[in-house]
Ligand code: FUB
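The chain that follows stands alone, in the form predicted alone, written as structure tokens.
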Amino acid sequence: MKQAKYLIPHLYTADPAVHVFNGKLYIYPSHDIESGIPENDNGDHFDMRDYHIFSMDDIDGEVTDHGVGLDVKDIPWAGRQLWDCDCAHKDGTYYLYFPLKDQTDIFRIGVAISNKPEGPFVPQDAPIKGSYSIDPCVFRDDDGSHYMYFGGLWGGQLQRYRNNKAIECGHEPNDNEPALPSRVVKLSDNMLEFGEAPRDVIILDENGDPLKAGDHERRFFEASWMHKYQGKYYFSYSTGDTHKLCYATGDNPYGPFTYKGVILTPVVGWTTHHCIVEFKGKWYLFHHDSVPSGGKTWLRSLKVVELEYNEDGTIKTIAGGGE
């Protein structure tokens, strides 16, 4: 088993999105700071205020800190908490997608623009119309179409929505009901809007039935990621309160996806959040844990480890070290 290594010792960083732009790895993580706020299930103790952007020429090489690419004080509609972000590239422009609570404390997803992958990024004046919840992941398919996957329970507010509309009292389904799913939406050609209404990302069990809300070992909680391997679509995600990274596979970007297994067993720290990227012929899992901060769940550090597939396309499980 390959050994994971820490990447950014001088800052607490988490929730990585990593892409290959111009032959380099660019890392777009959230930036943890000490908030002084007591830990709670709503995530108020996470007080992220900016994004540093990093790059690497080689997986074993130095990590370059390009400084702050976007700051909450420069976002016109900002309330608080810049959580997990992602970046996409189209026609010479880079688009940074970010969740942020607006001034009524409701999470929306915004977009900021740059002509360089490291930024700085200039935010739009308002969030994406129809957006909600957290953890945007933007996937570019082989035909050039871009899809955003998003959503997260508890502090991510996904339980407050049904059919893309806010409900009176947010709640999770009963254990025997279908689990709340992530969302997927095709982006418009200008990359600034949803090109359609978001759809549910349904994960099926081995019998073809949707995973139930009570199936905490396998059901979606947050941290959507999409990648493609040998023509298959791999939707991966965090199970949240059972602290695993799992994955399911399908034949198109919308799914449905069939549950396949665990990518990463629990790490030290409450949250687990990741991305998967191919670079120079190998696949890598970027994730985080809280070992360097002594187990403080709100002060996390980025790691990378090689990800390996079995001959049948399944992913070999990686030990997180937090069991």
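Residue indices: 1-based, along the sequence shown. Predicted, not measured: the structure shown is a model, and the values here were computed from it.
There is another form of the same protein, the form predicted together with beta-L-arabinofuranose; it is not shown, and what comes next is about it.
Note that among 180-188, 220-228, 72-80, 197-205, the stretch whose heavy atoms approach beta-L-arabinofuranose to within 4.5 Å in the predicted bound form is 220-228.
A single residue from the set 111, 246, 137, 134 has any heavy atom within 4.5 angstroms of beta-L-arabinofuranose in the predicted bound form; that residue is 134. For the residues 48, 285, 53, 263, the 4.5 Å heavy atom test against beta-L-arabinofuranose in the predicted bound form is passed only by 48. In the predicted bound form, beta-L-arabinofuranose stays beyond 4.5 Å of every heavy atom belonging to residue 86. Within 4.5 Å of any heavy atom of beta-L-arabinofuranose in the predicted bound form lies no heavy atom of residue 290.
Contacts of stretch 168-188 with beta-L-arabinofuranose in the predicted bound form, defined by any heavy atom lying within 4.5 Å, are made by none of its residues.
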